[in-house]
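In the form predicted on its own, a lone chain appears below as structure tokens.
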Amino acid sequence: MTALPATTARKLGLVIDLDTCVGCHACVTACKGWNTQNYGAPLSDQDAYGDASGTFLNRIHSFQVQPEPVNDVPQLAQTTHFPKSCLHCEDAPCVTVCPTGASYKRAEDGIVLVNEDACMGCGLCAWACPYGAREMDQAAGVMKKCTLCVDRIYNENLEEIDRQPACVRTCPAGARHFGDLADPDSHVSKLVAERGGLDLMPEQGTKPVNQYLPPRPRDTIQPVMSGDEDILAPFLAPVAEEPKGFLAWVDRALEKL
């Protein structure tokens, strides 16, 4: 079994904005592309042009919610796109359950990784993970998971703007953010504080590093008006009953015609 580090110098992780995510799957595609040609064994596809059975480190689940009526007026259904990957938990059960020590958490940055050379594909870590964030690669016979693109974020051959996970670099909506959540002055920590970032399933006690920003309240549908209301009236300044100045002169001139 693998022991967890007592503390980590940093807590690198993701902050995902559920209000901004549009479910385009750009992060899924970028993750698949980068991790297929770099760190570890390629992410296999058993039937890439058929049922699309394969290994992914990041997946998006979409949920539709029907809000409660407001003043007896039915509201429009709301769709939330929920990206899911490894949350790099502080108390990661996938690490402590591993019988070979293949799963481990790094003390320097808190990233949870898998040593694929030591993994025997028993699947215990997948059973232990309450988030379903690990996937068995059927071709390689080893467990796969999000690495936070550890081969990108420290790669000095890349431009500094590219030293972030592929999913973050690719997101067209700016819904994914990367940084050190142990630093209260970091961009991601400020986002969590301002928007009320949430742990995923906190009752599990895993202390996930990744945080989710909840959707903002949506507009509500108001009751149908009778037709006599002037909806612009509150925004219009009172109109003078008698013209003044130049308009008064024009009015008097027109009256003489």
Partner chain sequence: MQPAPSVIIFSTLSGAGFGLLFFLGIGFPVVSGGVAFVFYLIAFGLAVGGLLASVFHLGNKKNAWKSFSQWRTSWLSREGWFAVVGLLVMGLYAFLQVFFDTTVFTLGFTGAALSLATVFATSMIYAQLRTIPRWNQPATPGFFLSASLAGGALLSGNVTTAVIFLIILGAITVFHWWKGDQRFAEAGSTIETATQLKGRVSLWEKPHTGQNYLTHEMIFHVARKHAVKLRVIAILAMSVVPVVLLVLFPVHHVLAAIAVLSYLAGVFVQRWLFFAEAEHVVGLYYGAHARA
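All values reported here derive from a predicted model rather than from experimental measurement. Basically, rigid core = biggest C-alpha set you can superpose within 1.5 Å across the two forms. Numbering follows the first chain given and starts at 1.
Beyond the structure shown, there is the form predicted in complex with the partner chain, which is absent from this document and is the topic of what follows.
- Only one of 120, 158, 107, 182 lies close to the partner chain in the model of the complex, with a heavy atom inside 4.5 Å, and it is 120.
- Contact with the partner chain in the model of the complex, judged as any non-hydrogen atom within 4.5 angstroms, is confined among 163 to 171, 148 to 156, 183 to 191, 121 to 129 to 121 to 129.
- The three marked residues, 36, 47 and 111, fail to reach the partner chain in the model of the complex, with no heavy atom of any inside 4.5 Å.
- Using a 4.5 angstroms threshold between heavy atoms, residue 92 stays clear of the partner chain in the model of the complex.
- For the chain shown alone, residue 200 is a contact residue for the partner chain in the model of the complex, at least one non-hydrogen atom being within 4.5 angstroms.
- Proximity of residue 175 to the partner chain in the model of the complex: non-hydrogen atoms within 4.5 Å are absent; the residue sits far from the partner.
- Contact annotation for residue 29: none of its heavy atoms lies within 4.5 Å of the partner chain in the model of the complex.
- With contact defined as any non-hydrogen atom lying within 4.5 angstroms of the partner chain in the model of the complex, the contacting residues in 85 to 112 are 96, 97, 98, 99, 100, 101, given in sequence order.
- With the core held fixed, residue 62 shows a CA shift below 2 Å between this form and the one not shown.
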